[in-house]
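Just one chain follows, in the form predicted alone, and it is written as structure tokens.
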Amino acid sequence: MYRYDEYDRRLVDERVQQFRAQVQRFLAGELSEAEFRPLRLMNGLYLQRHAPMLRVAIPYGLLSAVQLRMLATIARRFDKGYGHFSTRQNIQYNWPRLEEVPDILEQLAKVEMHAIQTSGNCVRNITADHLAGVAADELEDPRPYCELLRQWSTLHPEFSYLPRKFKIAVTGASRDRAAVQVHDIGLYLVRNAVGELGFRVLVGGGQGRTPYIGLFIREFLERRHLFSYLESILRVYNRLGRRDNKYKARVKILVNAVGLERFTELVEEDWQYTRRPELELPESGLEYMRGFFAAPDYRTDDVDATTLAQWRRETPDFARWMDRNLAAHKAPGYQVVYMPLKAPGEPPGDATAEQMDAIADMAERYSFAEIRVTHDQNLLLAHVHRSQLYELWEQLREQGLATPNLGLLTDMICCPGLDFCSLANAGSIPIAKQINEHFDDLDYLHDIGELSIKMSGCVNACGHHHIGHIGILGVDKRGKEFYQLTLGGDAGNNAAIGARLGPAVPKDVVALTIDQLLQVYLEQRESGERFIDTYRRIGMAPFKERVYADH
């Protein structure tokens, strides 16, 4: 993984000291809340319902064991013993004291971490495919580009105060595992007709109040022009994006207001005028960055097939875990091991300090000291030798990290909702609990099969409800919590915004309503169909009729 150089260290250390002085001035009454707000946001600090919330950057979702131990230490020392992993591959602390936030940032800096630009109207944390570097369907590892983009965008003088927040995602694989099409800029590594590697560039995706699937602005961009072309997109947006209405300030609004053709013309005009040699990405610089992400020293042996079959036969729970929570690895003899943060009874995405310490230990023992965060709020170990799977499973089970529900109904995305967020209209965590209690039969969950439920407590869509097979949005109706359901959303290659099922349902019947939807699916599905496949074939009407038949 990337290691800070002297410039990174100096930048982050100076930023900590700068923010420490800003906090002291604010607490002393020398800065007003209006003056302090943009300063704290650029350092990842929100003021939430009960306490400040600090969002810490995990660039492209990659952590070392040392870094994860520090996150555990911070959770234990400065918070209430846990952290919340978000859909942006970051971690959030919900209970820090304002006066101690500079101390947290100082501790993070010791392990090459920070909270810079995890909030504010700037380029946020660059996200990527969580299987980068190990997926068989990958053209090239996108992480070197992600790191270069992180360095390019950090404190960029022209783009530090954009009309609104700006999000970029990158993938090098044929299968989109990073929800690329709902980002302000999405980058797909592709080959052109003569076999050259470059980027297919998308612009104007996003969720929130006005969700859009991004549009392709350029079918092929040479890699050397990555920075200059993205600067032109951002420059057009910075110039023309609305600043009079924050709800209409995202680049998706601009793209759809002027039209893709005109927006493309504006970008191309700017690019032809402003691109210059010093912004080109040299092959030597890319090769240098690739060195940080070289494959580890893999073993060349494999576990005996008889031994693996015996483990599966003698321990059905282990077999079920293998079938659900593992993914293929491009190196022979290795597997990717997911650790769902979705155990029954626990808030989705939360990990305790004890779990984080244990995962760090396991990462050092089984996965070259590396941990990854997915945009589905789970963790994974990317390089586990098959001979160590049983031993690892036993340790994961002790930590509550072996629930075999990856990709199933209870593997929900869930924002903090009304329990923490000052923007929320309704709770998310209590609804996740209700759903978990209603659907507590693992055999039934496996029969239903792949199903993504994504839930947000307000229209800001931090829980990605628009792109869930079943989306859940909390709404306030005269002081009471109701939930609006959508069907047919998708975060993958066939990205789609879900369609509204009908009127919002009361809080106490959300799980029952989902059960009704699933009954339609089970009655109507054809062989091999997932929920989303059946929905696309039969449409909304049968689901709506079942839910609202008695209304």
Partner chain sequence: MRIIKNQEVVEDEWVLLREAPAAPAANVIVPFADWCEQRDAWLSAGAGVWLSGADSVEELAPALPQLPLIALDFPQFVDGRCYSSARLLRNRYQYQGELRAIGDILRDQLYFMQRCGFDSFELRADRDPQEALQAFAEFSVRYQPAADGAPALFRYR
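Being a predicted model, the structure only gives us computed values, none of them experimental. Numbering follows the first chain given and starts at 1.
There is another form of this protein, the form predicted together with the partner chain, and it is not shown here; the text below is about that form.
Novice: Looking at 225, 446, 385, 150, which is the one with a non-hydrogen atom within 4.5 Å of the partner chain in the predicted complex?
Specialist: None of the others qualify; the residue that does is 150.
Novice: Can you pick the one in 239, 80, 299, 191 that has a heavy atom within 4.5 Å of the partner chain in the predicted complex?
Specialist: Contact residue from the list: 239.
Novice: Taking 4.5 angstroms as the cut-off for heavy atoms, does residue 480 touch the partner chain in the predicted complex?
Specialist: Although the partner chain is absent here, residue 480 would stay clear of it in the predicted complex, with no heavy atoms inside 4.5 Å.
Novice: Might residue 158 be said to contact the partner chain in the predicted complex, defining contact as any heavy atom within 4.5 Å?
Specialist: Because a heavy atom of residue 158 falls inside 4.5 Å of the partner chain in the predicted complex, the answer is yes.
Novice: Counting only non-hydrogen atoms and a 4.5 angstroms cut-off, does residue 270 reach the partner chain in the predicted complex?
Specialist: Although the partner chain is absent here, residue 270 would touch it in the predicted complex, with heavy atoms inside 4.5 Å.
Novice: Give a yes or no for residue 259: in the predicted complex, does one of its heavy atoms lie within 4.5 Å of a heavy atom belonging to the partner chain?
Specialist: Judged by the heavy-atom cut-off of 4.5 Å, residue 259 is well away from the partner chain in the predicted complex.
Novice: Have a look at 28 to 36, 518 to 526, 496 to 504, 58 to 66 and name the one stretch with heavy atoms inside 4.5 Å of the partner chain in the predicted complex.
Specialist: Of the stretches listed, the one contacting the partner is 28 to 36.
Novice: With the partner absent here, would 15, 18 and 276 each sit within 4.5 Å of the partner chain in the predicted complex, counting heavy atoms only?
Specialist: Yes, all three are in contact.
Novice: If we check the partner chain in the predicted complex, which of the residues in 1 to 33 reach within 4.5 angstroms of it by a non-hydrogen atom?
Specialist: Read in sequence order, the residues that approach the partner chain (within 4.5 Å, in the predicted complex) are 2, 5, 7, 8, 10, 11, 14, 15, 18, 22, 25, 30, 31.
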